[in-house]
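Presented as structure tokens, the chain that follows is alone, the form predicted on its own.
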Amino acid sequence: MTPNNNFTIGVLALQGCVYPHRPHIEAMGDAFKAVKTEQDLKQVDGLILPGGESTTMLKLINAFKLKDVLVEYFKDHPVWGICAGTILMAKTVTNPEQDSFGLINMDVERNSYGRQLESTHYKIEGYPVSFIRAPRISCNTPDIHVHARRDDDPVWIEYDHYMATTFHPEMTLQFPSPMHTAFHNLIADKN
């Protein structure tokens, strides 16, 4: 299904799972953009903070002097954090503690479902997704909309113009994922 509005959706491309998002984005009729610079960021309607290694991402964001630019972008644009990206969006991070952008009033415990060897597949709304060293979310405000849970844990949430998933939908080769479609709709609502 091709949506009525077409956007350019960026994926922060400093580290992590970037290019598997491309077929999902293009299946909606949107344009994919790998974001590495401030100039790239100016060209996208919404930004995905991909799965990867959150500590490494923070180091690279600081090394490339993108922190202040991202903080400004986050104020007015839709952002979707996936796994490590969810960690970057949290107010509080544990196991171990680390800095984050504090976009959503939630606590995130890193690697909560286990290490790499404990990675699993699970169906969210009938769509197969991957939990890879996934974090666990604890929501701290009733304003957070929980789209899906795994057992009792929120695994897909939305708050204002932010979306976060603790799993990877981009690894599934059924395009587009329901989560990519939801992010497209979040961008459409903001524009």
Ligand code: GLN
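From 1 onward, residues are counted along the sequence shown. As the structure is a prediction and not an experimental result, all values here were calculated from the model.
Below: the form predicted in complex with the ligand, not depicted.
Residue contact check: His77 to the ligand in the predicted complex, 4.5 Å heavy atom: So His77 does not count as contacting the ligand.
His21 within 4.5 Å of the ligand in the predicted complex, heavy atoms: Taking the distances in the predicted complex, the answer for His21 is no, it never comes within 4.5 Å of the ligand.
Proximity of Ile104 to the ligand in the predicted complex, heavy atoms at 4.5 Å: Because no heavy atom of Ile104 falls inside 4.5 Å of the ligand in the predicted complex, the answer is no.
In the predicted complex, Ala90 touching the ligand (heavy atom, 4.5 Å): Answer no; every heavy atom of Ala90 is more than 4.5 Å from the ligand in the predicted complex.
Stretch in contact in the predicted complex with the ligand, which is absent here, among 139 to 147, 49 to 57, 31 to 39, 156 to 164 (heavy atoms within 4.5 Å): Result of the contact check: 49 to 57.
Ala84, Asn111 and Ile132 each touching the ligand in the predicted complex (heavy atom, 4.5 Å): Yes, because Ala84, Asn111 and Ile132 each have a heavy atom that approaches the ligand to within 4.5 Å in the predicted complex.
Any residue of 154 to 179 that, in the predicted complex, places a heavy atom within 4.5 Å of the ligand: Contacting residue: only His168.
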